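First, one chain by itself in C-alpha coordinates, the form predicted alone.
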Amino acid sequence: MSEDIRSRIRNKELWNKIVSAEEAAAIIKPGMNVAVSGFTMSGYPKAVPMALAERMKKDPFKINLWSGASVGKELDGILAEVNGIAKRMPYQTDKNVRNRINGGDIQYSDIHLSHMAQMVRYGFMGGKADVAIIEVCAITEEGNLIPTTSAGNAATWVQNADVVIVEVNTTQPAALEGMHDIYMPLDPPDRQPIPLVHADDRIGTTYIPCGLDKIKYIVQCDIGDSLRHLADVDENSKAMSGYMIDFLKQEIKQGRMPKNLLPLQSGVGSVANAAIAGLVDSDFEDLVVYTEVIQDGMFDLIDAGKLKFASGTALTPSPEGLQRFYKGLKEYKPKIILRPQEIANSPEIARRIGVIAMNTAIEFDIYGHVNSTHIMGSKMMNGIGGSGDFARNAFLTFFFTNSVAKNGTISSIVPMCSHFDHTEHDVDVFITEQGLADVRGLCPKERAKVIIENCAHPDYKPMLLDYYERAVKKTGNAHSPHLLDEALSWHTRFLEKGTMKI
(Lines give C-alpha, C1' and ligand atoms only; values in the text may rest on other atoms or scores of the structure.)
Protein backbone atom coordinates (compact mmCIF):
# COMPACT_ATOMS: atom_id res chain seq x y z
CA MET A 1 0.00 0.00 0.00
CA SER A 2 1.45 3.38 -0.97
CA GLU A 3 2.27 5.99 1.62
CA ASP A 4 -0.10 8.39 -0.13
CA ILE A 5 -3.23 6.93 1.42
CA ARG A 6 -1.58 6.76 4.84
CA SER A 7 -0.81 10.45 4.65
CA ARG A 8 -4.56 11.06 4.32
CA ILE A 9 -5.36 8.93 7.41
CA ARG A 10 -4.31 10.95 10.45
CA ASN A 11 -4.84 8.26 13.07
CA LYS A 12 -2.28 5.50 12.71
CA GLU A 13 -4.59 3.03 14.46
CA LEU A 14 -6.80 3.16 11.37
CA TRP A 15 -3.97 1.99 9.12
CA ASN A 16 -4.74 -1.54 10.28
CA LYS A 17 -8.15 -1.23 8.62
CA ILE A 18 -6.73 -0.62 5.14
CA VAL A 19 -7.80 -3.52 2.90
CA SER A 20 -8.33 -4.28 -0.76
CA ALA A 21 -11.55 -3.32 -2.51
CA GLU A 22 -12.32 -7.03 -2.90
CA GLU A 23 -12.04 -7.69 0.83
CA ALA A 24 -14.29 -4.74 1.63
CA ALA A 25 -16.86 -5.74 -0.98
CA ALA A 26 -17.01 -9.26 0.46
CA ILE A 27 -19.05 -8.08 3.48
CA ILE A 28 -21.91 -6.96 1.21
CA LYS A 29 -24.58 -9.65 1.07
CA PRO A 30 -27.62 -10.22 -1.16
CA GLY A 31 -30.58 -8.00 -0.34
CA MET A 32 -28.60 -5.51 1.71
CA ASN A 33 -29.37 -1.80 1.70
CA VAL A 34 -26.13 -0.25 0.48
CA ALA A 35 -25.95 3.53 0.91
CA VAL A 36 -23.28 5.46 -0.98
CA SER A 37 -21.92 8.96 -1.06
CA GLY A 38 -22.20 10.95 -4.27
CA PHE A 39 -24.44 13.49 -5.89
CA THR A 40 -24.75 14.06 -9.66
CA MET A 41 -21.60 12.24 -10.70
CA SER A 42 -19.46 13.73 -7.93
CA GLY A 43 -17.88 12.26 -4.83
CA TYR A 44 -19.13 8.68 -5.21
CA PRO A 45 -17.19 5.48 -4.33
CA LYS A 46 -15.72 3.53 -7.21
CA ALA A 47 -13.25 0.84 -6.15
CA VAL A 48 -15.58 -1.13 -3.87
CA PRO A 49 -18.59 -1.06 -6.26
CA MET A 50 -16.35 -2.26 -9.09
CA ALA A 51 -15.11 -5.13 -6.94
CA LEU A 52 -18.71 -5.89 -5.95
CA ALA A 53 -19.73 -6.05 -9.61
CA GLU A 54 -16.97 -8.59 -10.29
CA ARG A 55 -18.39 -10.75 -7.46
CA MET A 56 -21.87 -10.48 -8.97
CA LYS A 57 -20.58 -11.69 -12.33
CA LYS A 58 -19.42 -14.91 -10.73
CA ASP A 59 -22.21 -15.29 -8.19
CA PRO A 60 -25.26 -13.24 -9.28
CA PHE A 61 -27.23 -11.42 -6.60
CA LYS A 62 -28.82 -8.02 -6.04
CA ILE A 63 -28.64 -5.20 -3.52
CA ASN A 64 -30.75 -2.11 -2.86
CA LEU A 65 -28.77 1.00 -3.75
CA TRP A 66 -29.30 4.37 -2.04
CA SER A 67 -27.38 7.52 -2.92
CA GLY A 68 -27.65 11.28 -2.81
CA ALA A 69 -28.52 11.59 -6.49
CA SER A 70 -27.00 10.18 -9.68
CA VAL A 71 -23.57 8.56 -9.54
CA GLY A 72 -21.06 7.48 -12.17
CA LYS A 73 -20.54 4.49 -14.40
CA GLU A 74 -18.17 2.85 -11.90
CA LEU A 75 -21.12 2.48 -9.53
CA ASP A 76 -24.57 2.76 -11.12
CA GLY A 77 -23.45 1.72 -14.56
CA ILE A 78 -21.38 -1.32 -13.70
CA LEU A 79 -23.87 -2.69 -11.14
CA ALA A 80 -26.69 -2.30 -13.66
CA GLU A 81 -24.63 -4.10 -16.30
CA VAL A 82 -24.49 -7.21 -14.09
CA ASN A 83 -28.15 -6.76 -13.07
CA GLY A 84 -27.05 -6.31 -9.47
CA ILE A 85 -29.57 -3.66 -8.35
CA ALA A 86 -32.96 -4.69 -6.99
CA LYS A 87 -34.17 -1.24 -5.94
CA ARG A 88 -32.69 2.19 -6.67
CA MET A 89 -33.42 5.56 -5.07
CA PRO A 90 -33.70 8.56 -5.12
CA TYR A 91 -32.34 9.74 -8.54
CA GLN A 92 -30.29 8.39 -11.46
CA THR A 93 -29.02 9.37 -14.89
CA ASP A 94 -27.12 6.27 -16.06
CA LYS A 95 -28.32 4.71 -19.33
CA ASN A 96 -27.90 1.15 -18.07
CA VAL A 97 -29.89 1.90 -14.93
CA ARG A 98 -32.59 3.67 -16.93
CA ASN A 99 -32.93 0.70 -19.25
CA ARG A 100 -33.17 -1.70 -16.31
CA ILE A 101 -35.84 0.50 -14.69
CA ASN A 102 -37.92 0.72 -17.84
CA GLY A 103 -37.43 -3.00 -18.50
CA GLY A 104 -38.71 -3.91 -15.05
CA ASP A 105 -35.41 -5.26 -13.67
CA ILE A 106 -34.93 -2.42 -11.16
CA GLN A 107 -37.64 -1.08 -8.89
CA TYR A 108 -37.12 2.67 -8.81
CA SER A 109 -38.45 5.08 -6.19
CA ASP A 110 -38.27 8.64 -7.50
CA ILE A 111 -38.04 10.84 -4.40
CA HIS A 112 -37.64 14.56 -3.69
CA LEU A 113 -33.96 14.90 -2.87
CA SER A 114 -34.54 16.86 0.33
CA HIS A 115 -36.76 14.04 1.62
CA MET A 116 -34.52 10.99 1.18
CA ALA A 117 -32.25 11.26 4.22
CA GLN A 118 -35.02 11.97 6.68
CA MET A 119 -37.22 9.21 5.26
CA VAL A 120 -34.42 6.74 5.93
CA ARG A 121 -33.97 8.09 9.46
CA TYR A 122 -37.74 7.84 10.00
CA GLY A 123 -37.59 4.15 9.09
CA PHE A 124 -39.80 4.53 6.01
CA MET A 125 -37.47 2.71 3.59
CA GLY A 126 -37.68 -0.89 4.76
CA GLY A 127 -34.91 -0.78 7.32
CA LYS A 128 -31.68 1.09 7.90
CA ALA A 129 -28.58 1.10 5.75
CA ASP A 130 -26.68 -2.15 6.21
CA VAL A 131 -23.49 -0.77 4.68
CA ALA A 132 -22.42 2.79 3.86
CA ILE A 133 -19.60 3.34 1.35
CA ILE A 134 -18.28 6.91 1.57
CA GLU A 135 -15.64 8.62 -0.58
CA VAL A 136 -13.34 10.99 1.31
CA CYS A 137 -10.15 12.92 0.76
CA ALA A 138 -8.98 12.43 4.36
CA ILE A 139 -9.84 10.93 7.75
CA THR A 140 -9.21 12.98 10.88
CA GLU A 141 -7.43 11.90 14.06
CA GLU A 142 -10.85 11.28 15.65
CA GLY A 143 -12.06 9.15 12.77
CA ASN A 144 -14.26 11.82 11.19
CA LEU A 145 -14.59 11.94 7.41
CA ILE A 146 -13.59 14.78 5.07
CA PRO A 147 -15.81 14.51 1.95
CA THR A 148 -14.61 15.18 -1.58
CA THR A 149 -16.69 16.94 -4.23
CA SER A 150 -20.13 16.32 -2.78
CA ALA A 151 -21.94 16.13 0.53
CA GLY A 152 -25.24 14.59 -0.58
CA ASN A 153 -26.71 12.18 1.97
CA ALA A 154 -23.35 10.87 3.19
CA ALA A 155 -23.69 12.21 6.74
CA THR A 156 -27.02 10.46 7.29
CA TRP A 157 -25.67 7.23 5.77
CA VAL A 158 -22.76 7.25 8.23
CA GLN A 159 -25.10 7.94 11.12
CA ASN A 160 -27.62 5.30 10.03
CA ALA A 161 -25.46 2.43 8.76
CA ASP A 162 -24.34 -0.63 10.70
CA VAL A 163 -21.01 -0.72 8.84
CA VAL A 164 -19.02 2.07 7.18
CA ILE A 165 -16.50 1.45 4.40
CA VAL A 166 -14.35 4.48 3.60
CA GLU A 167 -12.78 5.01 0.19
CA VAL A 168 -9.88 7.45 0.35
CA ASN A 169 -9.67 8.91 -3.13
CA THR A 170 -6.12 10.10 -3.72
CA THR A 171 -7.06 11.85 -6.96
CA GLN A 172 -9.07 14.35 -4.92
CA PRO A 173 -6.99 17.13 -3.35
CA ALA A 174 -6.70 17.12 0.43
CA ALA A 175 -7.13 20.89 0.18
CA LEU A 176 -10.89 20.31 -0.24
CA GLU A 177 -10.99 20.14 3.55
CA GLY A 178 -12.82 23.12 4.99
CA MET A 179 -15.19 23.58 2.06
CA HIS A 180 -18.01 21.53 3.62
CA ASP A 181 -20.58 22.48 6.24
CA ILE A 182 -22.15 19.32 7.67
CA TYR A 183 -25.34 19.90 9.63
CA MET A 184 -28.06 17.34 10.26
CA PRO A 185 -31.40 18.41 11.72
CA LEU A 186 -33.02 16.54 14.55
CA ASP A 187 -36.14 14.58 13.64
CA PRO A 188 -39.69 15.33 14.86
CA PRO A 189 -40.79 15.93 17.54
CA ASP A 190 -37.38 17.37 18.43
CA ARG A 191 -36.61 19.27 15.23
CA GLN A 192 -35.61 22.92 15.57
CA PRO A 193 -35.49 25.67 12.91
CA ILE A 194 -32.44 25.31 10.68
CA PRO A 195 -30.25 28.26 11.83
CA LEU A 196 -29.36 29.49 8.36
CA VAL A 197 -30.50 32.90 7.11
CA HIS A 198 -27.82 33.74 4.52
CA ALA A 199 -26.31 31.55 1.81
CA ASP A 200 -22.82 31.86 3.28
CA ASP A 201 -23.78 31.02 6.88
CA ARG A 202 -21.84 28.15 8.45
CA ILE A 203 -23.91 26.11 10.88
CA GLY A 204 -22.14 22.73 11.11
CA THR A 205 -18.77 21.00 10.94
CA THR A 206 -16.22 20.70 8.15
CA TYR A 207 -16.35 16.90 8.46
CA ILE A 208 -18.88 14.06 8.65
CA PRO A 209 -19.01 12.81 12.24
CA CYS A 210 -18.11 9.12 12.30
CA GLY A 211 -15.62 7.85 14.89
CA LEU A 212 -12.89 5.23 14.89
CA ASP A 213 -15.05 2.29 15.92
CA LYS A 214 -17.66 2.71 13.19
CA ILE A 215 -15.14 2.46 10.37
CA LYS A 216 -14.94 -1.18 9.29
CA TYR A 217 -12.60 -0.95 6.31
CA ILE A 218 -10.58 1.67 4.45
CA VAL A 219 -9.89 1.27 0.73
CA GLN A 220 -7.65 3.30 -1.53
CA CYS A 221 -9.13 4.65 -4.76
CA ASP A 222 -7.27 6.43 -7.54
CA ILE A 223 -10.18 6.85 -9.98
CA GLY A 224 -11.61 10.31 -10.64
CA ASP A 225 -15.29 11.22 -11.05
CA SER A 226 -16.82 10.36 -14.44
CA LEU A 227 -18.06 13.82 -15.27
CA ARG A 228 -19.92 14.70 -18.45
CA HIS A 229 -19.19 17.39 -20.98
CA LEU A 230 -21.74 20.18 -21.03
CA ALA A 231 -23.24 21.05 -24.39
CA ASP A 232 -22.16 24.33 -25.89
CA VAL A 233 -24.44 27.26 -25.21
CA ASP A 234 -26.54 27.27 -28.39
CA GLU A 235 -28.77 30.01 -29.78
CA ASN A 236 -31.87 28.60 -28.11
CA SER A 237 -30.19 28.60 -24.71
CA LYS A 238 -28.94 32.13 -25.26
CA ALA A 239 -32.46 33.24 -26.15
CA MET A 240 -33.94 31.67 -23.03
CA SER A 241 -31.27 33.22 -20.83
CA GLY A 242 -31.93 36.58 -22.45
CA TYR A 243 -35.67 36.40 -21.76
CA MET A 244 -34.97 35.56 -18.14
CA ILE A 245 -32.51 38.41 -17.68
CA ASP A 246 -34.89 40.95 -19.22
CA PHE A 247 -37.67 39.69 -16.98
CA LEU A 248 -35.52 39.99 -13.86
CA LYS A 249 -34.59 43.55 -14.78
CA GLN A 250 -38.27 44.42 -14.98
CA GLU A 251 -38.85 42.84 -11.57
CA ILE A 252 -36.18 45.12 -10.14
CA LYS A 253 -37.76 48.15 -11.78
CA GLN A 254 -41.07 47.15 -10.23
CA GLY A 255 -39.40 47.09 -6.81
CA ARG A 256 -40.03 43.37 -6.34
CA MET A 257 -36.42 42.36 -5.75
CA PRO A 258 -33.04 43.99 -5.03
CA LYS A 259 -30.68 45.02 -7.81
CA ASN A 260 -28.36 42.08 -7.08
CA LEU A 261 -31.38 39.75 -7.25
CA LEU A 262 -32.12 37.07 -4.67
CA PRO A 263 -30.21 33.77 -4.20
CA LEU A 264 -30.20 31.75 -7.41
CA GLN A 265 -30.95 28.03 -7.74
CA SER A 266 -30.17 26.26 -10.98
CA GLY A 267 -30.85 22.63 -11.85
CA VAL A 268 -28.25 20.33 -13.34
CA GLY A 269 -27.63 20.14 -17.08
CA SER A 270 -26.71 22.21 -20.09
CA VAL A 271 -29.81 24.42 -20.27
CA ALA A 272 -29.59 25.32 -16.59
CA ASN A 273 -25.86 25.94 -16.89
CA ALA A 274 -26.51 28.21 -19.88
CA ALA A 275 -29.04 30.23 -17.89
CA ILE A 276 -26.42 30.89 -15.22
CA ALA A 277 -23.67 31.52 -17.77
CA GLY A 278 -25.85 34.17 -19.43
CA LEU A 279 -25.61 36.26 -16.29
CA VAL A 280 -21.87 36.71 -16.90
CA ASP A 281 -22.53 39.26 -19.63
CA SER A 282 -25.43 40.90 -17.79
CA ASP A 283 -25.39 44.02 -15.64
CA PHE A 284 -26.02 42.05 -12.44
CA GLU A 285 -23.33 42.05 -9.76
CA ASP A 286 -22.82 40.73 -6.23
CA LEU A 287 -24.86 37.62 -7.02
CA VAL A 288 -25.43 34.81 -4.54
CA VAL A 289 -26.24 31.18 -5.33
CA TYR A 290 -28.13 28.72 -3.10
CA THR A 291 -28.52 25.54 -5.11
CA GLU A 292 -27.80 21.83 -5.46
CA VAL A 293 -25.04 21.67 -8.06
CA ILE A 294 -22.22 24.04 -8.85
CA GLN A 295 -21.40 23.90 -12.56
CA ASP A 296 -19.06 25.68 -14.96
CA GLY A 297 -21.29 28.74 -15.29
CA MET A 298 -20.77 29.57 -11.63
CA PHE A 299 -16.99 29.50 -12.08
CA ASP A 300 -17.54 31.93 -14.96
CA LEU A 301 -19.42 34.25 -12.61
CA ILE A 302 -16.69 34.03 -9.97
CA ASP A 303 -13.99 34.76 -12.56
CA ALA A 304 -16.00 37.74 -13.80
CA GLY A 305 -16.18 39.10 -10.26
CA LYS A 306 -19.97 38.87 -10.21
CA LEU A 307 -20.58 36.02 -7.77
CA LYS A 308 -20.10 36.68 -4.07
CA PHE A 309 -20.87 33.18 -2.85
CA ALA A 310 -22.24 29.81 -3.93
CA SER A 311 -23.79 27.24 -1.62
CA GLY A 312 -24.58 23.76 -2.95
CA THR A 313 -24.29 20.08 -2.18
CA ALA A 314 -22.00 19.04 -5.07
CA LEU A 315 -19.48 20.29 -7.57
CA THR A 316 -20.71 18.97 -10.91
CA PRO A 317 -18.71 20.74 -13.59
CA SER A 318 -17.56 19.40 -16.93
CA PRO A 319 -14.21 17.55 -16.94
CA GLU A 320 -12.61 20.78 -18.10
CA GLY A 321 -14.44 22.70 -15.41
CA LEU A 322 -13.18 20.35 -12.70
CA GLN A 323 -9.57 20.86 -13.77
CA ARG A 324 -10.23 24.59 -13.80
CA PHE A 325 -11.57 24.31 -10.26
CA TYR A 326 -8.56 22.33 -9.06
CA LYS A 327 -6.18 24.81 -10.66
CA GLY A 328 -7.95 27.77 -9.06
CA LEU A 329 -8.88 26.02 -5.81
CA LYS A 330 -7.26 28.69 -3.65
CA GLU A 331 -9.45 31.38 -5.24
CA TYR A 332 -12.67 29.36 -5.59
CA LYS A 333 -12.71 27.64 -2.20
CA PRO A 334 -13.53 30.73 -0.07
CA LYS A 335 -16.60 31.37 -2.27
CA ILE A 336 -18.06 27.84 -2.22
CA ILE A 337 -19.63 25.71 0.48
CA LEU A 338 -21.03 22.18 0.18
CA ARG A 339 -23.84 21.09 2.53
CA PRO A 340 -25.91 17.91 3.03
CA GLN A 341 -28.66 17.85 0.42
CA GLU A 342 -31.47 18.08 2.96
CA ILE A 343 -30.01 21.50 3.87
CA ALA A 344 -29.01 22.56 0.34
CA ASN A 345 -32.50 21.59 -0.89
CA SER A 346 -34.41 22.53 2.23
CA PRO A 347 -37.88 23.96 1.47
CA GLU A 348 -37.61 25.87 4.75
CA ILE A 349 -34.42 27.64 3.62
CA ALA A 350 -35.67 28.21 0.07
CA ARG A 351 -38.74 30.00 1.42
CA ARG A 352 -36.78 31.94 4.05
CA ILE A 353 -34.07 33.41 1.82
CA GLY A 354 -36.27 33.84 -1.25
CA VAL A 355 -34.64 31.58 -3.82
CA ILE A 356 -35.08 32.22 -7.55
CA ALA A 357 -35.52 28.66 -8.88
CA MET A 358 -34.53 27.76 -12.45
CA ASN A 359 -35.21 24.20 -13.65
CA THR A 360 -35.88 22.32 -16.86
CA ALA A 361 -38.90 20.39 -18.14
CA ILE A 362 -39.45 17.61 -20.64
CA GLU A 363 -42.79 19.18 -21.45
CA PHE A 364 -45.37 21.53 -19.98
CA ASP A 365 -48.99 21.98 -20.83
CA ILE A 366 -51.10 24.99 -21.69
CA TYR A 367 -52.48 25.24 -18.15
CA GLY A 368 -49.06 25.33 -16.48
CA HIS A 369 -48.40 21.75 -15.37
CA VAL A 370 -44.88 20.34 -15.79
CA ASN A 371 -43.56 16.88 -16.68
CA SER A 372 -39.86 16.68 -15.85
CA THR A 373 -39.39 12.92 -15.53
CA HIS A 374 -41.32 10.68 -17.95
CA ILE A 375 -41.14 10.20 -21.71
CA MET A 376 -44.62 9.72 -23.15
CA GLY A 377 -45.95 9.35 -19.61
CA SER A 378 -44.48 5.88 -19.19
CA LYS A 379 -40.71 5.69 -19.47
CA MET A 380 -38.59 7.13 -16.68
CA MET A 381 -35.88 9.51 -17.83
CA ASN A 382 -33.92 10.53 -14.71
CA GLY A 383 -36.16 11.62 -11.86
CA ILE A 384 -37.60 14.68 -10.17
CA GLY A 385 -34.35 15.45 -8.40
CA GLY A 386 -34.49 18.62 -6.35
CA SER A 387 -36.71 20.66 -8.67
CA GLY A 388 -39.79 20.06 -6.51
CA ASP A 389 -37.93 21.08 -3.36
CA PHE A 390 -37.40 24.51 -4.86
CA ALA A 391 -40.31 25.01 -7.26
CA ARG A 392 -43.08 25.09 -4.69
CA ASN A 393 -41.11 27.09 -2.14
CA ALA A 394 -39.11 29.60 -4.16
CA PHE A 395 -39.68 33.33 -4.28
CA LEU A 396 -39.88 32.96 -8.05
CA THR A 397 -39.96 29.73 -10.08
CA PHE A 398 -38.88 29.40 -13.73
CA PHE A 399 -39.12 26.32 -15.93
CA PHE A 400 -37.20 26.13 -19.22
CA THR A 401 -37.49 23.87 -22.25
CA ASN A 402 -37.02 24.07 -25.98
CA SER A 403 -40.41 24.50 -27.62
CA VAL A 404 -39.91 21.38 -29.77
CA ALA A 405 -38.02 18.08 -29.57
CA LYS A 406 -36.88 15.43 -32.04
CA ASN A 407 -35.93 17.96 -34.73
CA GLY A 408 -39.26 19.72 -34.49
CA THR A 409 -41.45 16.63 -34.84
CA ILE A 410 -42.72 16.91 -31.25
CA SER A 411 -44.06 19.95 -29.44
CA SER A 412 -42.83 20.36 -25.87
CA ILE A 413 -45.95 22.41 -25.13
CA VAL A 414 -48.99 20.13 -25.06
CA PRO A 415 -52.69 20.32 -24.12
CA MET A 416 -52.14 18.01 -21.14
CA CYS A 417 -48.88 16.64 -19.77
CA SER A 418 -48.43 12.89 -20.08
CA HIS A 419 -47.12 12.85 -16.50
CA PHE A 420 -47.27 15.48 -13.73
CA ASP A 421 -44.35 16.40 -11.47
CA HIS A 422 -45.09 20.06 -10.80
CA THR A 423 -48.63 21.35 -10.84
CA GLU A 424 -50.04 24.66 -12.03
CA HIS A 425 -49.72 25.86 -8.42
CA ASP A 426 -45.91 25.64 -8.42
CA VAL A 427 -44.66 27.60 -11.43
CA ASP A 428 -44.50 31.35 -12.02
CA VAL A 429 -42.72 31.71 -15.36
CA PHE A 430 -42.27 29.45 -18.41
CA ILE A 431 -39.50 30.08 -20.94
CA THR A 432 -38.72 28.56 -24.33
CA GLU A 433 -36.59 29.92 -27.14
CA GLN A 434 -39.83 31.42 -28.48
CA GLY A 435 -40.51 33.62 -25.47
CA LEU A 436 -41.56 33.96 -21.85
CA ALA A 437 -44.94 33.43 -20.19
CA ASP A 438 -45.48 35.08 -16.81
CA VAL A 439 -48.46 33.21 -15.36
CA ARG A 440 -48.48 34.63 -11.84
CA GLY A 441 -52.00 35.28 -10.65
CA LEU A 442 -53.63 34.02 -13.84
CA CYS A 443 -56.55 31.62 -13.99
CA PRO A 444 -56.15 28.46 -16.13
CA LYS A 445 -57.72 29.95 -19.26
CA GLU A 446 -55.58 33.07 -18.99
CA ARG A 447 -52.49 30.90 -18.57
CA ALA A 448 -53.38 28.88 -21.65
CA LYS A 449 -53.52 31.94 -23.86
CA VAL A 450 -50.26 33.39 -22.54
CA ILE A 451 -48.36 30.09 -22.78
CA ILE A 452 -49.57 29.31 -26.30
CA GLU A 453 -48.89 32.82 -27.53
CA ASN A 454 -45.44 33.27 -25.99
CA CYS A 455 -43.89 29.80 -25.65
CA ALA A 456 -45.26 27.52 -28.37
CA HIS A 457 -43.40 26.94 -31.62
CA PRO A 458 -45.10 28.56 -34.65
CA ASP A 459 -45.64 25.13 -36.22
CA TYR A 460 -47.76 24.04 -33.24
CA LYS A 461 -49.31 27.28 -32.05
CA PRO A 462 -52.39 27.04 -34.34
CA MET A 463 -53.01 23.43 -33.26
CA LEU A 464 -52.81 24.31 -29.57
CA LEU A 465 -55.04 27.34 -29.97
CA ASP A 466 -57.59 25.31 -31.93
CA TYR A 467 -57.61 22.66 -29.20
CA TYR A 468 -58.12 25.29 -26.52
CA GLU A 469 -60.95 27.09 -28.31
CA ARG A 470 -62.85 23.87 -29.04
CA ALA A 471 -62.35 22.70 -25.44
CA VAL A 472 -63.78 25.98 -24.14
CA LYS A 473 -66.81 25.61 -26.37
CA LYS A 474 -67.46 21.93 -25.70
CA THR A 475 -67.10 22.18 -21.91
CA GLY A 476 -69.27 25.26 -21.65
CA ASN A 477 -66.39 27.56 -20.75
CA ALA A 478 -65.28 25.35 -17.83
CA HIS A 479 -62.57 26.36 -15.41
CA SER A 480 -59.87 24.17 -17.05
CA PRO A 481 -61.42 23.15 -20.38
CA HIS A 482 -60.18 19.85 -21.76
CA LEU A 483 -61.06 17.41 -24.51
CA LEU A 484 -59.71 14.37 -22.73
CA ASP A 485 -59.63 12.03 -25.71
CA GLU A 486 -57.76 14.59 -27.81
CA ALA A 487 -55.42 15.57 -24.97
CA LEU A 488 -54.20 11.99 -24.83
CA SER A 489 -54.09 11.57 -28.59
CA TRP A 490 -51.74 14.57 -28.80
CA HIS A 491 -49.07 12.22 -27.45
CA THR A 492 -50.14 8.96 -29.08
CA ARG A 493 -50.03 10.43 -32.55
CA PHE A 494 -46.26 10.74 -32.18
CA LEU A 495 -46.14 6.99 -31.62
CA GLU A 496 -48.18 6.42 -34.75
CA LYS A 497 -45.84 8.64 -36.78
CA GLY A 498 -42.81 6.84 -35.41
CA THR A 499 -41.20 10.01 -34.10
CA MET A 500 -41.16 8.75 -30.52
CA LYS A 501 -40.65 5.29 -29.10
CA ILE A 502 -41.49 4.08 -25.65
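Start at 1 with the first residue shown and count on from there. The model shown is predicted, which means the values in this text are computed figures rather than measured ones.
Beyond the structure shown, there is the form predicted in complex with a further copy of the same chain, which is absent from this document and is the topic of what follows.
- Listed residues 418, 160, 220, 172 were compared with a further copy of the same chain in the predicted bound form; 418 is the one with a heavy atom within 4.5 Å.
- This chain is displayed alone, yet in the predicted bound form one of 425, 327, 202, 95 has a heavy atom within 4.5 Å of a further copy of the same chain; that residue is 425.
- Proximity of residue 407 to a further copy of the same chain in the predicted bound form: non-hydrogen atoms within 4.5 Å are absent; the residue sits far from the partner.
- a further copy of the same chain is not drawn, but in the predicted bound form it has a heavy atom within 4.5 Å of residue 396.
- a further copy of the same chain in the predicted bound form is not approached by residue 459, whose heavy atoms all lie more than 4.5 angstroms from it.
- In the predicted bound form, a further copy of the same chain stays beyond 4.5 Å of every heavy atom belonging to residue 309.
- Residue heavy atoms within 4.5 Å of a further copy of the same chain in the predicted bound form occur in exactly one stretch of 332-340, 257-265, 226-234, 145-153, and that stretch is 257-265.
- Using a 4.5 Å cut-off on any heavy atom, none of the residues of 312-335 reaches a further copy of the same chain in the predicted bound form.
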